[in-house]
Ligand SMILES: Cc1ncc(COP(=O)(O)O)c(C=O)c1O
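The data below hold one chain only, encoded as structure tokens and taken in the form predicted on its own.
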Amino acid sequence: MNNKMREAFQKIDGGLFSSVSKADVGDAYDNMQKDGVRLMAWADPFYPDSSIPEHVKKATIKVIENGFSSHYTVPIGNMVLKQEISKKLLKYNGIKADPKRNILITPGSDSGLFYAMLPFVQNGDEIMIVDPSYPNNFQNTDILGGVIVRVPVYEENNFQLNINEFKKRLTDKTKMVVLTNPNNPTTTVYRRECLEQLRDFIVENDLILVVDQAFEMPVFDDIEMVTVAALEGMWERTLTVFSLSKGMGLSGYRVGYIVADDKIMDKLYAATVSVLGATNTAAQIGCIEAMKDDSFLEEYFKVHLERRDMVYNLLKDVPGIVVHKSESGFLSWINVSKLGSSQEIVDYLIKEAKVAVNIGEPYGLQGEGYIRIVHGVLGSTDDLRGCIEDIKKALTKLAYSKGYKGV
């Protein structure tokens, strides 16, 4: 049966017949948790504690209790929610979006990302993807029959874009650039100058841009967060995918949205019911209240900033590793290549520190030798400190065993 499937599906494993390292595939994660391993590899804020603001919770419960949640919302999304999103887009992203023509509600940003790519990627199309970046950027391209063209970014340049890396990979088959901004896993917020150079490259070569902005909140240190679709010349050729899971801490609500020009959106609207279906009714009602009153984000920002600084300060002097202060979100991307491969270090931390983090390879070829730590995933900051101190102790022990004694 396997040989009757698309080639991309023939090559992947779901964990039923083999060991899978990705945290979101198979049941290995559940098994580790049962064994007392603390899980810091799944980007779900404040897990397992509640992160539903009270006014959002009340609205969600109300629509369940009155029975309306048993019914579909129109597949393209609740209009009131889209109106609230439109206000946010104008205020935060510099985009003037018509709720009726430019916004599509999706069941989370993962499905939104796939759907944004789906109309364009055909067999043999070359898709430029920053490496390292979100694993779905690569897998979606593979599933759709596109050719992955990896555009590397490097630690010595703080993982910023280098337009020359794009230019030298351009061919007559190049169709699309897929960008995650801020980047997951590096947390890099791409600077305006880099994005304007990318804009010029895309416009000059008549390409499509898909941008995943799931981690657009929070951004630290007063770094400017630029939405590429708002740059001159990019609105007509950009599909931007957003999420309410990360910054708002509503991962379980599974609500995301795509924003695009109406000539693109007309086609997306036409096939939404066939590909995505309707997003959860009660979740959309709750998200309306989150968008109307997002004052809770101020406290979330303080918590994420405190955790970012704590993780950096605890790990920055561990010998044999390189830690950069995160620019966004609640992740840290750490170079452990002097101590071992990504898989070796992850396996070691599970055994020695009882903490599970992400291996680097799913994020691209440039991910080898790195690990990703999700420091927003635990409900308690004290619990996080305990985990990071155990990671520090374990990595320091390993570094000393390999002859690294620090500065």
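Quick caveat: nothing in here was measured; it's all calculated off a predicted structure. Position 1 is the first residue in the sequence shown; the rest follow in order.
Although it is not shown, the form predicted together with the ligand is what the next lines describe.
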With a cut-off of 4.5 Å between heavy atoms, is residue 261 one of the residues that contacts the ligand in the predicted complex?
no
Using a 4.5 Å heavy atom cut-off, state whether residue 254 contacts the ligand in the predicted complex.
yes
Just to confirm, residue 108 within 4.5 Å of the ligand in the predicted complex by heavy atoms?
yes
With the cut-off set at 4.5 Å between non-hydrogen atoms, does residue 134 touch the ligand in the predicted complex?
yes
Heavy atoms within 4.5 Å of the ligand in the predicted complex: which of the stretches 154-162, 67-75, 285-293, 212-220 has them?
212-220
Pick from 227, 238, 180, 332: which residue has any heavy atom within 4.5 angstroms of the ligand in the predicted complex?
180
Ok, 141, 187, 272, 245: which has a heavy atom sitting within 4.5 Å of the ligand in the predicted complex?
245
Is any part of 36-55 within 4.5 angstroms of the ligand in the predicted complex by a non-hydrogen atom, and which residues would that be?
43
